[in-house]
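Read the single chain below, which is given as structure tokens and is the form predicted on its own.
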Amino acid sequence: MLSLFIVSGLGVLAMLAEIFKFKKYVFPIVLGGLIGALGALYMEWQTPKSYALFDNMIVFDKMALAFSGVIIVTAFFWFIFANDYFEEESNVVDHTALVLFALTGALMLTAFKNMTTLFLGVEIMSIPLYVLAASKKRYLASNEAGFKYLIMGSFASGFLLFGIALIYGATGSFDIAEIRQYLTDNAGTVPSFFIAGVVMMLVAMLFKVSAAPFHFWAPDVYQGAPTVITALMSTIVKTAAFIAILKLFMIGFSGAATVWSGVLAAVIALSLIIANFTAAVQSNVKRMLAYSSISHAAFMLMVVLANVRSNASVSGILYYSLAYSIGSIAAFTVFYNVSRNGNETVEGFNGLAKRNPLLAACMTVAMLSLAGIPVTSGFFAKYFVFTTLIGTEYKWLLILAVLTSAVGVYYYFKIIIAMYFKNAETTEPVFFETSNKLVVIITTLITLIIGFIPDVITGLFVY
């Protein structure tokens, strides 16, 4: 609860920095505020009660606190990685405030108990990202990315709002607990427009996580947006959207699983096939990572499809989001510095092992984790997902996931091969800021540590 107030307060403070002339102190204040927000989460975790706000519309229970912790930790590393994005004095206030408000929306999505706050959280998170995607104003690709994201995002928001309206018309409530009770009391007699509302909300949320066939915006937006904003969308936004899907469909709409489970299974299968095979032929690393994120979205959706309401489901998707976010921050940080010369292709990594052995090793660990290779955290993330799905009727999806993951190994290893077995066009060392180097090393260590001790990490989330 307090963490939400701290982060939103930091956003307001950043806006005031222009008026009261303390712009140069905004960045350290934000980092300190995020540490304070993480401390507040830890204190609330130690207390047995949940914190409800606004007539039970937002509730910070253990699930919300755990996912908020993942988001804030990721945001802390992201701000350090993106520090030069805030160096341009004319934009530092605007960019900082927009990112913090997007983060506020993400935290709302971890704690919503009402579809009104779901919609508000989605919009508060999304609207700043439309602006940030186009924040590289002098580059046509960035302007195009922001425009595409705005148009497609607005279309998805319309679906979400229409779906909410239909569900309210059937149940007379926005509260997801009351909607769940309605499904229990009226099993078999649910009106058809309620089913239409559920499907429309599913489509809208699948857009937010760029699952196929609602993924067409992702490659262009990821490629055109500034790299640091791409990293933000790929990590924090996805984590927030997945906890929203988890709570919405495994709690609110669990009684209507027969309606949405078949649609979700088809979406997962399409995402695995389209994402991995398309990523394999990409030469631009940002587009490759965009398609990679679609594949990872499919894995996390498997937990929702399993519809097993237990700690195993929460732990599985939480561990996956942590492993994926930390690995992605490491990968994007290395990529950002390697591509400073404008070369965003795989060839830009040629000979990196000779030009900077430490960072090549860190990038290797990140790629291995995203590919799901033991003993990185990415391997156990996929393992926990598989364990939730193994007892269901969707075992065929497990086979498909394993086969398509083999394709994923191919395109991740293209970067590793380029770093170690191909010659670079220049022997000049790659310049890395100390802060970026620190982020890469710490995130790499976290990737390895939580891969070695996954049970200790998942045990923290049992409640």
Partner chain sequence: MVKLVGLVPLFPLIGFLINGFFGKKLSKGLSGTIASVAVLASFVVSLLLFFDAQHLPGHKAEVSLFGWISADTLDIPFEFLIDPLSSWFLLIITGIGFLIHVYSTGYMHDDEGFQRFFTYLNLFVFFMLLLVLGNNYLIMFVGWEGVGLCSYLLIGFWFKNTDYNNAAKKAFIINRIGDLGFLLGIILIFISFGSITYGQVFEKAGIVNESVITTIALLLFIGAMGKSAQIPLYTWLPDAMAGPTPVSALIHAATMVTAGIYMIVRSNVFYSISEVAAEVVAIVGVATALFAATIGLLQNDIKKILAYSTVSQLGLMFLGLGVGAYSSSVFHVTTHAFFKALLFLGAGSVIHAMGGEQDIRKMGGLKGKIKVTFITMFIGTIAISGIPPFSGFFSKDEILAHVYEHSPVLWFFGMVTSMLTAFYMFRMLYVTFWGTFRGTHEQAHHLHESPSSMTIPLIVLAALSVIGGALGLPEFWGMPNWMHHHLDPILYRKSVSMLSHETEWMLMGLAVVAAAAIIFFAHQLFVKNRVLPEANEAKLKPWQKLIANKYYVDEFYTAIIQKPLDMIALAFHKFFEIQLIDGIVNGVGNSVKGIGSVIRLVQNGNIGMYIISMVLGIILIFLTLFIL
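Positions refer to the first chain, counted from 1. Everything numeric here is computed off the predicted structure, so don't read it as measured data.
Missing here is the form predicted in complex with the partner chain; even so, the following discussion is about that form.
Remark: residue 265 does not count among the residues lining the partner chain in the predicted complex, judged by a heavy atom distance of 4.5 Å or less. Although the partner is absent here, residue 196 sits close enough that one of its heavy atoms falls within 4.5 Å of the partner chain in the predicted complex. In the predicted complex, no heavy atom of residue 390 sits within 4.5 Å of the partner chain. Put simply, residue 159 is close to the partner chain in the predicted complex: some heavy atom of it is within 4.5 Å.
Only one segment in the set 132-140, 348-356, 238-246, 256-264 has any non-hydrogen atom within 4.5 angstroms of the partner chain in the predicted complex, and it is 256-264. For the options 200, 306, 360, 118, the residue carrying a heavy atom within 4.5 angstroms of the partner chain in the predicted complex is 200. Residue in contact with the partner chain in the predicted complex (any heavy atom within 4.5 Å), chosen from 114, 376, 126, 278: 278.
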